[in-house]
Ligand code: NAI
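In the block that follows, a single chain appears as structure tokens, in the form predicted alone.
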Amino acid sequence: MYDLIVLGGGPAGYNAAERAAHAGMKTLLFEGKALGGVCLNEGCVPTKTLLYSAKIYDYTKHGEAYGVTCTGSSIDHAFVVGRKDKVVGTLVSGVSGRLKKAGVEVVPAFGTITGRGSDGFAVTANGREYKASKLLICTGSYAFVPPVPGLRESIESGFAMTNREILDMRTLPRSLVVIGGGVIGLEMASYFNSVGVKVTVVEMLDHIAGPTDGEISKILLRSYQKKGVEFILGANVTAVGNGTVTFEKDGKTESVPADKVLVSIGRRANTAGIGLESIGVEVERGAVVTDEYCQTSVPGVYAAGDVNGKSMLAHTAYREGEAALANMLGGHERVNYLSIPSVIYTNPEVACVGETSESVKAKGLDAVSTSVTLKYSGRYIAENEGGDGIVKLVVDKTHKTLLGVHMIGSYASEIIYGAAMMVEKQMRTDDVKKLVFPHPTVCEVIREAMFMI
């Protein structure tokens, strides 16, 4: 008998399991693939490894503006993929070691919930039954493949890929069509564009980067158009196969040729086949329904990470798992989704937190926004010849409370945590003006922007 069974060893699951064991709970974790989940094995970490190699390669190609000339540089894509595997292996081993040290029992199998009795919840794997008084569901998500004619056949043949397959591809195609202009699609477009592949992005919406602030989205679009990425917006893909992607745009049917295709139009929660129906856990549109305390419809059962469909980000998963554990132990912790930052690791980077100009308008909030160029930063000018990055603030008009911060430019991913803290603590512009930012840095533009709101 266990105190806690965790289904899934991704960011939500392994982090919560480790912390539960440290809190004195006898903890069992099921993971049928690899510890670390999608983020560590086929998402966040692998893509960042590739993108860093691409960034170094970009430096060698565009150093003239800084007085640096490099001739004969090249990139070995197969080596980059091999290094990615090494990085992933190191981190997976680290997760395994942490769980072992904490005393978490790990079963390398998919667990299926089979019922609930007076002695707790039952989970079965490999013909054996395990029981616990609490359950934490962290089964993650999978890449959604829409029912487009020819698409599944193209994936089976290797012509089309999801994020999982493309990260293991060891030879570069001449051309790549990316279906979907969201975070994953843009990051992969960034890498392959940098290493010399002709990239075309086909997006159903009239903009890229999903719910990202519109002004930021336009700057990112312009940046990648200058780099040679072609964007086909407002287009609905109707067929994939025979070396082409066919789409409808403005009432016309067109096609674009490709050596390879990346399908990147979103993810769906992994809830099928894990036995949720055996204990009556409510599911809505394929995702586990949870309240603000990460509690499901069944007392004693919690869900964290992509499986609840609220915010499919690894750092959200960490926080949800921690909140779920705290509440199992008698706490009363909520997850504030409005103060969770998001990042697109393109070059330039995009980082955002809180409300956008569009969201405050949709919600009828009385807010004002201002955009300030990063050229207020001496460091930004020194390191970004011709850069057009900005910081954008969204502020409550009456109380001057910071509602949102949005950035595009260097170091944005490392700066945004401070802005997230400001939003979480509901800081006012006058509060931020009194903070001392280091100089010269890019982050000090956030403070400068406070004087212009």
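In case it trips you up, residue 1 is the first one in the sequence shown, and so on. Note that this is a predicted model, so its numbers are computed, not measured.
Here the subject shifts to the form predicted together with the ligand, a form of this protein not shown in this document.
Contact between Leu172 and the ligand in the model of the complex is not found at the 4.5 Å heavy atom cutoff. The ligand in the model of the complex is approached by Leu313, whose closest heavy atom lies within 4.5 angstroms of it. In the model of the complex, the ligand lies farther than 4.5 Å from every heavy atom of Ala382. Shown alone here, Ile179 lies within 4.5 Å of the ligand in the model of the complex, counting heavy atoms only.
Stretch-level contact check against the ligand in the model of the complex with heavy atoms at 4.5 Å: of 261-269, 83-91, 99-107, 374-382, the positive one is 261-269.
Shown without its partner, this chain lists Leu205, Leu338, Val368, Ala362 as candidates; in the model of the complex, only Leu205 has a non-hydrogen atom within 4.5 angstroms of the ligand. Proximity to the ligand in the model of the complex, defined as a heavy atom within 4.5 Å, singles out one entry of Val183, Leu135, Met328, Ile216, which is Val183.
Contact with the ligand in the model of the complex, defined as a heavy atom within 4.5 Å, is made by all three of Glu187, Val237 and Val343. For the stretch 43-73, the set of residues having any non-hydrogen atom within 4.5 angstroms of the ligand in the model of the complex comprises only Lys48.
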